[in-house]
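In C-alpha cells, one chain follows: the form predicted alone.
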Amino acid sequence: MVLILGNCALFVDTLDIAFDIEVKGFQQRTVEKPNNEIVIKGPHEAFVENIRTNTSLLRRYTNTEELIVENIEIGNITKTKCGLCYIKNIANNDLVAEVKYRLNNLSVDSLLSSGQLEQLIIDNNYLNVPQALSTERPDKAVAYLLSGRVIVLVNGSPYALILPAILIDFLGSPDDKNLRPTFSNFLKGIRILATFLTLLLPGLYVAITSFHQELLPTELLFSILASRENVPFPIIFEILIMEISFELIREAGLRVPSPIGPTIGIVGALVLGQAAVSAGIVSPILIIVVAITGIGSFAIPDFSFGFHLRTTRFLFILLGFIAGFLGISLGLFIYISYLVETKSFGVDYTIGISPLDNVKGNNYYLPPTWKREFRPSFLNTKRPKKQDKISMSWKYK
C-alpha cells in the first residue's frame, strides 16, 4: 500500500519494521489571494488544495509547539487525509474528543471536499442553519484556534472548517479585529440590519399591502395603489416572480465567465426590471423592495448563512400573504425557538442572547484590543485569559 500511494519504503537490516517516507510530489496551486473573503487591512494569503501547505500556513501563524495536527483518513476508497488542528494547552479536551469521535465514525466510500464533511459531522436541522464556519483565510482560522476552537482541514479543499460556530460568528468579518472598535461595531450593526432585511422585508411588504394598509401614510398608500393599478397579478405572484428572477440573475452571474458576469447583473437589474415595470407585470415599489433585500443578502459575510436567509425568506413571504403580521410573528416565534434549541458540538447556537450568562468574550460587542482579556467562556478553555488586565504596561505601570 505504501508503494501504491507513491511513498518510499525504507528497510533497514536487523530491524523488523520499515519506514514510510513521503517523497511523492504533485502539481499544485501556489498560495494566492483570497477570492471570497477580501479584507482591507490584513494578510492576503489563502488556503490551497494541499493539506500540507495548509498546515504549514497554520504553523507559521501560530508559531507554537502546542499546535497539534492529528491525521485522520476518511473514505473507504479515497482514504482522504484530514487534519484535526487544535492548540493543546488552550482547547477543551471534551470538544476535541467530540470532533475526533465524529470524524472517526464516518463510513463513506469517498470524501472530496470540506463541504461534504461539514454535512456529515454537524447535527441535522430542518432549517439548514449552518453549524460550522468555513474559511479560506489562514489568519482567520488561527484567530479561532487561539480562542479555543478546533479546525478541520481536508486534503483537496481550500477551505477550513471551524468548530463549533455560534450565530454571531457568521456575521463577523476578518477585518473586524483590524479596525478600530467603533468602525467594526458599526459594520457589525449594518450586517445585523442586513440580516433582518434579507429575512423579513419581502414578507413585511406583502403583509402590509395585503392586510395592514392603515400602517402606511396616506400619500405612500396612494402611491402604492397607483403603482399597482395596472398590475393584473396578486401581490404574492408578483413578488415571487421578482424574487425568483433575482435568484436566477445571481446564479447566472456566478456561472458565466468572469468578464461577462457583471454584464449579466447590470442587464438583469436595469433592462429586465425596467421592462417588467413598463409591461405592467410588477410595480416600481416592489423593485425597490427586492433590490434592498438583495443588497442586504450580499452584506452577509458567510455564504452558507446568507444562503440560509435567502431560502428562509420565502417562508415568511408565504406567512405574510396568508396571515399578515400574525403569520410573520408566529413564524418568527418558531424560528427563534428553533435557533435557541440548536446546538453546535454541544454549544448553544445563540449563546450570549439565550442564555444570557457566560457572555465573556462572545464578540457580540467587540471591545478595544487592550480590553480583550478573555477567550469565549462557553468553550471552557484551559486558559480563560489571553492577555493581562493591563496589557499596555508601557502606559499603565
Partner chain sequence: MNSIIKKFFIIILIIIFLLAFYGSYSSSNISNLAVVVAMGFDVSEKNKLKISFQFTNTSSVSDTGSSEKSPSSLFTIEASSISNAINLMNTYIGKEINLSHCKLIVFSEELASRGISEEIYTLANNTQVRPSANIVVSKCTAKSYIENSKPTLENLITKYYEVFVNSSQFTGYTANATIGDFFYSMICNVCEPYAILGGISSENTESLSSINSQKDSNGKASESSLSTQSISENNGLAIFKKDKLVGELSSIETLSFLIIDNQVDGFLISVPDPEKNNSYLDIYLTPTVNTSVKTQIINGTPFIKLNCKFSGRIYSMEENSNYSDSNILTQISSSCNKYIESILTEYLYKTAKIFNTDINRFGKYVRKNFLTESDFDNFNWENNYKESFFDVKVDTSVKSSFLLTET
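Numbering follows the first chain given and starts at 1. These numbers were taken from a predicted model, which means no experiment stands behind them.
One more form of this protein, predicted in complex with the partner chain, exists but is not displayed; see below.
For this chain shown on its own, do L67, L133 and V152 all sit within 4.5 Å of the partner chain in the model of the complex, going by heavy atoms?
No, the candidate spot makes no contact with the partner chain.
In the model of the complex, the one of S110, N89, Q213, N71 near the partner chain [non-hydrogen atom within 4.5 angstroms]
If I apply the 4.5 Å criterion carefully, the residue I get is Q213.
Would you mind picking the one in P234, G156, G115, G189 that has a heavy atom within 4.5 Å of the partner chain in the model of the complex?
Only one option qualifies, and that one is P234.
Can you pick the stretch from 115-123, 242-250, 285-293, 316-324 whose heavy atoms fall within 4.5 Å of the partner chain in the model of the complex?
Among the candidates, contact is made by 316-324.
Quick one: is A275 in contact with the partner chain in the model of the complex, heavy atoms, 4.5 Å cut-off?
Result no; A275 lies far from the partner chain in the model of the complex.
Against the partner chain in the model of the complex, would F222 count as a contact residue? Criterion: heavy atoms within 4.5 Å.
Close contact exists here: in the model of the complex, F222 approaches the partner chain to within 4.5 Å, heavy atoms only.
State yes or no: in the model of the complex, is some non-hydrogen atom of E229 no more than 4.5 angstroms from a non-hydrogen atom of the partner chain?
It does: once the partner chain is placed as it appears in the model of the complex, E229 has a heavy atom within 4.5 Å of it.
With the cut-off set at 4.5 Å between non-hydrogen atoms, does T182 touch the partner chain in the model of the complex?
No, T182 is distant from the partner.
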